[in-house]
Every structure is written in C-alpha cells, then in structure tokens.
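Just one chain follows, in the form predicted on its own, and it is written as structure tokens.
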C-alpha cells in the first residue's frame, strides 16, 4: 500500500521546543519502519508559530540523516515478523474497523460529519489526553516532567508582508496572459457538473488546464455546495 506520513504536530510542545527535534525524529523513524513512501517532518518550533527557515532545514535534515546515515532503508521491512509490531497492527486494525462501522451505521462519512461524529471523537480523545497529562499518567518532557523555571528564548517565524504584495502582483500578471473566456467556460462547466451527480475531477482538471486558479475553482464549487459550518 502506498501512503504518505506526517509526523504528529499535536505532540509538539511550546515548552522546551528543541525537544521536538527528538520527538519528530522518533516519529519519522516509525514512519520509515512502517514502509511509508512519502514523509513530512514537522519543524520543532511549530507549537510557537510558523516555522523559521532554520527549523525547516532541521526538519529536512532529519529525513536526510535517517535516509543516509541510519541504515534503515537498507531493507524493505526491517520489523518483519516482530510479534510486538504485529500485535500493535492487529489492535490498530480492530479499532479502525470499529470506527468505520460507526461511520457506516451513521449513514456514511458525510452523514457522520453532519452528525458531528468525527468531531466528537477528536474532541473526546483530546480531552482524555489532557486528563492523562494533568494526572501525570502520560509523561511529556518539559510539560509535566523535567520542567525548567525559565522558558527558552525562542520565537517562531514571521511572514514578510511584501510577500503578499508580490504574490498579488504575480497573480494579476498571470491572469492577464490567459484567455478569460476559456476560464469562464471551464468554470461554468464545473458548476454544471457539480450541480448534478457527475464526477467533478475531469472539469476541475480542464479548468486548471485553461488557466483557472485554485481560488477560482474553489469559488465555483462553493457556489454549488456552500461552505460547511458546524
């Protein structure tokens, strides 16, 4: 099975943020051992704000060190035959099927979203994790164990406002070089297909080929489906 993995941003802490480098490394290694084909490693300062160029580089180097220095990529399945891993896999599969069954009983994924099923499960999981953290049954270094008196002087990344101006100018230049009529025709076709039972992927592809932007395509879909609100 081909799949993409992203390390768990929810585990990153604002306290002692450099510890997040270790957390991300362990999670990235787990992903590689699990056979992922594509991997995103979170930056260590993402609990504070946008990543800096330096923290994004460390996240990239984490992948490169695993790929080139750990030896973990020298075999297809390093954990093959591990009873512990197979037992965890069975437990995960069983729990996943239970959730899938609940969604099926609710009438499918969309109906479950409308009923708040997935949202409720996420909130309940977060609440239970918070209780375990406060009670100390779950140890998080720097948060409820090995806490330091003074936080580390670390500031998250910022975005230069000029980047927005440059992007707006580039978008205007791009729109001036395309056929506005062709874009309008493809977007109208997308709206027509989205309004019925048809597959919206081909008209989306055609709209992109005609030069439509992601924002314009999203607006076309919003005109049919609206915007989801809880």
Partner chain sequence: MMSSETRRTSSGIEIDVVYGPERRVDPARIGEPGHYPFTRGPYPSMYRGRPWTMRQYAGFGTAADTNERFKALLEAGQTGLSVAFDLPTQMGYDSDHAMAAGEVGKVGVAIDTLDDLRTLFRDLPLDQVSTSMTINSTAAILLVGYQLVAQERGIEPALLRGTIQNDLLKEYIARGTYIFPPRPSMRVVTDLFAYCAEELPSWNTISISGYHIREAGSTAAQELAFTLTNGLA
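Worth saying up front: this structure is predicted, and the values here are computed from it rather than measured. Between two forms, the rigid core is the largest collection of C-alphas that superpose within 1.5 Å. Numbering follows the first chain given and starts at 1.
Quick note: we don't show the form predicted in complex with its partner chain, though the next part is all about it.
Trainee: Between the options 50, 26, 182, 188, which residue brings a heavy atom to within 4.5 Å of its partner chain in the predicted complex?
Mentor: Exactly one listed residue reaches within 4.5 Å, namely 50.
Trainee: Is residue 221 part of the interface with its partner chain in the predicted complex - any heavy atom within 4.5 Å?
Mentor: Yes, residue 221 is a contact residue.
Trainee: Using the partner position in the predicted complex, report whether residue 74 sits within 4.5 Å of its partner chain, counting heavy atoms only.
Mentor: Within the cut-off, so yes.
Trainee: Is there a heavy atom of residue 105 lying 4.5 Å or less from a heavy atom of its partner chain in the predicted complex?
Mentor: Heavy-atom contact with its partner chain at 4.5 Å: absent for residue 105.
Trainee: Is there a non-hydrogen atom of residue 145 within 4.5 angstroms of a non-hydrogen atom of its partner chain in the predicted complex?
Mentor: Close contact is absent here: in the predicted complex, residue 145 is far from its partner chain, nothing within 4.5 Å, heavy atoms only.
Trainee: Which residues in 84 to 100 have a heavy atom within 4.5 Å of its partner chain in the predicted complex?
Mentor: Stretch hits, in order: 84, 86, 87, 88, 90, 91, 92, 93, 95, 96, 99, 100.
Trainee: Is residue 223 among the residues whose Cα moves by 2 Å or more between the shown form and the other one after superposition of the rigid core?
Mentor: Yes: residue 223 shifts by at least 2 Å between the shown form and the other one.
Trainee: Could you check, with the core superposed, whether the Cα atom of residue 210 shifts 2 Å or more between the shown form and the other one?
Mentor: Superposed on the core, residue 210 moves its C-alpha 2 Å or more between the shown form and the other one.
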